[in-house]
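Here we start with a single chain on its own, the form predicted on its own, put down as structure tokens.
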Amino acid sequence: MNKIGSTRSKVYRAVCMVIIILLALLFLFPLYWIVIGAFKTQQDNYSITPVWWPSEWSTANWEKLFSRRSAPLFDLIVPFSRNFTQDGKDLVLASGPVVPGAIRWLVNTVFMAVMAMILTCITASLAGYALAKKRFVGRGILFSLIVCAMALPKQVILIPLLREMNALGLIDNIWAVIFPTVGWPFGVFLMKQFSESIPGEVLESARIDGASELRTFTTVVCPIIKPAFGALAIFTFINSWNDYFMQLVMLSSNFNYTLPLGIATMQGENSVDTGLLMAGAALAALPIIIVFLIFQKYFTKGITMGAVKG
């Protein structure tokens, strides 16, 4: 019986391993197709029969991506300065060296996603901790409104957002894409649920030891909810990176474009350069992969935490 059970166990594990490998290959195939397509010739990309492996490796798509247009690598802009200048433009303190437009777009996109990730994690963790561990009037109503806001698409509040960003002088500024993401209701909800698991005795011990609220939060709460930070960081980064609609509405200058917007402007009106799109998509996927690999451990903990109680 033991041998039979052992054999069944090995067969079961082998079948599971095969299924996992097949699923992994299935999910990796789009990335493979993008990377391979970026190195294909135009003839291979437009072939009616799918070309699974390039007949000739070519860097023409990458050369085209980095050869069109040029822009400063970065601009040091005084925030909200547009309202105080005579020409109504942002006050630029300094600019970086001139680089290909795709590099500037990539820098804009990374800056937007990283700042949105950092600010969202800070605000969501503070709000979630307060909603979970503080008792104040209207706490339940406020949390209910946040949950309801999760079902509200950005398209519904687009006009108020545009008017608000315009009043702040942030239209056609990368911060106009960042600020609407900072108060992400899902982030507050996620952090609130994680903060519920913090033992009240630990917080009370910190207060007895004389720790202030800020010190209690930074030294006691943050280490406990570190997996939630990892999960929220990945969610926010990907959400900001892929928010093409908000980027399209808020940004109009070539220097302020994100990578998806910049690649879209490089397409002809009646034609699509598939190889150029593949090269841009491969470049855009690289930072997301890096961020996921960095936060993978915390992301996994964040997803699985709470699955087992006791």
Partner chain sequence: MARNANPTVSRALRRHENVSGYLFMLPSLIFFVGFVIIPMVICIFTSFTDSMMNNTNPVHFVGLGNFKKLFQDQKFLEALRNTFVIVLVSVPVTCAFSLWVASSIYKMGNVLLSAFRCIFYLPVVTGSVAVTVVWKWMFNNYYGVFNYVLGSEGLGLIEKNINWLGDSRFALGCIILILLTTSVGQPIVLYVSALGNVDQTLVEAAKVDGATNFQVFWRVKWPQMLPTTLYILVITTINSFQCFALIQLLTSGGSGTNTVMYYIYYTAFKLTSTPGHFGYANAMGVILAIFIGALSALQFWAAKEK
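Take the two forms, find the largest set of C-alpha atoms that superpose within 1.5 Å, and that set is the rigid core. Computed from a prediction, not measured in an experiment: that's the story for all the values here. Positions refer to the first chain, counted from 1.
As for the form predicted in complex with its partner chain, it is not shown, yet the points below apply to it.
- Of the heavy atoms in residue 184, some are within 4.5 Å of its partner chain in the model of the complex.
- Though the partner is left out of this view, residue 123 does reach within 4.5 Å of its partner chain in the model of the complex, counting heavy atoms only.
- Shown alone here, residue 133 lies within 4.5 Å of its partner chain in the model of the complex, counting heavy atoms only.
- Interface membership of residue 33, defined by any non-hydrogen atom within 4.5 Å of its partner chain in the model of the complex, is confirmed.
- Of the candidate stretches 212 to 220, 195 to 203, 102 to 110, 68 to 76, only 212 to 220 contains residues with a heavy atom within 4.5 Å of its partner chain in the model of the complex.
- In the model of the complex, the residues of 236 to 259 lying within 4.5 Å of its partner chain by at least one heavy atom are, in order, 238, 242, 244, 245, 248, 249.
- If you fit the rigid core between the shown form and the other one, you'll see the Cα of residue 247 move by less than 2 angstroms.
- Fitting the two forms on the rigid core leaves the C-alpha of residue 57 displaced by under 2 angstroms between the shown form and the other one.
- Relative to the superposed core, residue 66 undergoes a Cα shift smaller than 2 Å between the shown form and the other one.
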